[in-house]
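Listed next as C-alpha cells is one chain, alone, in the form predicted alone.
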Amino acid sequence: MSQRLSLAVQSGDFAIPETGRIAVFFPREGHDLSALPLGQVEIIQPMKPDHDVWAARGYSCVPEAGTGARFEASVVFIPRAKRLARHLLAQAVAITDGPVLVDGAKTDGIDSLLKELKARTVPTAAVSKAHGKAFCIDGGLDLSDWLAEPQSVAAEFVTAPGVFSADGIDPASEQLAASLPAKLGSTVADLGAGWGYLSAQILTRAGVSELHLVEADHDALTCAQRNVGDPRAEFHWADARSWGSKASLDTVVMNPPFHSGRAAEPALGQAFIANAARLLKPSGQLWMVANRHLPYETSLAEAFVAVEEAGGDNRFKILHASRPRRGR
C-alpha cells in the first residue's frame, strides 16, 4: 500500500510526539507504519487476521479503544463503510490531544470525507499518492454527531456500523436458516457468525447442546453476544479458516465471505470448507449458502464424500455436505 503516512511525516504536516502514545485505527496488513516509533504505537484493529499480523510484528494491539484512553496523536485508515469511517474519526478526535492523520483510498470515499471536514475545520494540505489522500486535522474537534450507536434490526437484533449486513438480515443467511433440518446434532459451529442471526436460528433446533460462534470481526462478535443470550452459546474471536475446537463437531453451518475489499475471492469460502471438514466428526455434516456463481462444489467434493444442492433460487444455492474425507 502507499506511503502517504511517511510523506506526511516527512513534510512536517503530521508531527510525531516525542513521548506519549499514538493510536493507529484499522491498519491492514499492507499498510506502511515504518514512520512511526513502534514502542509508542497502539493499534486498534477488530479484524483478527490483521490484528494478529501486527501483534506478530511486535506492536501493541487491541480490538477497540479502551474507556478513558488518551493519545498524543492518532492515525485513522478509513474503511470502505462510510458510517464506520465517520464513527472512527469521531472516536479518534475525542481521545487525541494532538494531530489526527486521516488516510484513505479514493474508492473508499476519502474525497467526500475531506469535503465534509472542510465544512467544520481546516485540514492540512492533502498528500495525494497511489489513488488516495492523507491529511491532518486537530484532535479535540467535536464530531460527536458522527458517533454511531448500535442500530436495531428486525426488532430483536442489534448491529454496529461496518459489520456485514448491518442494515438488515442478510437474505442468503435467511434462506439458509429456513433450509436447516429440524435436528443438527449436539455440538454445532457457526463459522463466520457475524452478528448472530444464523446462530439464533440454529439454537431453535432440537438437541443442540453447544454452539460455537466463530467470528473474525470483534465488533460483529460483540453484537452477537448481545443478540444470542443463550447459555449454550460460546463466542470465539478467531479466524474461521483456522479456528480449532477441542472436540469434533456434529455440524458446521456457515455463510462464508467471498470478498477481500472490492475483489471477489472464492478462496476465502474454500478455506472455510477445508476447515469445516477438519472440525467435523466422521459422520458430520456441513450446511452452507453461497452466491450461485461461486465455484464451491469442487472444493466440497474434495473434502466430503457426499455433496448435494439442497435448495436455493436464482441468486443463492444451499449446499449440504456430509462425511468429511479427512483421514481417508
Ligand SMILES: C[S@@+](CC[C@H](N)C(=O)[O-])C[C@H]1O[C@@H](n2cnc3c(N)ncnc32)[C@H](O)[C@@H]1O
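In this text, all values refer to a predicted model and were calculated from it rather than measured experimentally. Residue numbers here begin at 1 and follow the sequence given.
Another form exists, predicted together with the ligand; not displayed. Remarks below refer to it.
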Interface segment, criterion being heavy atoms within 4.5 Å of the ligand in the predicted bound form, picked from 238-246, 180-188, 96-104, 81-89: 238-246
One residue of Pro150, Gly140, Pro257, Gly207 in contact with the ligand, assessed in the predicted bound form (non-hydrogen atom, 4.5 angstroms): Pro257
In the predicted bound form, the residue from Leu36, Ala303, Cys61, Met47 that sits within 4.5 Å of the ligand by heavy atoms: Met47
Partner contact for Thr222 in the predicted bound form: the ligand, 4.5 angstroms, heavy atom: no
Contact flag, Leu198 vs the ligand in the predicted bound form, heavy atom cut 4.5 Å: yes
Contact of Ala193 with the ligand in the predicted bound form (heavy atom, 4.5 Å): yes
4.5 Å heavy atom contact, Ala274 and the ligand in the predicted bound form: no
Members of 108-122 lying within 4.5 angstroms of the ligand, judged by heavy atom, in the predicted bound form: none
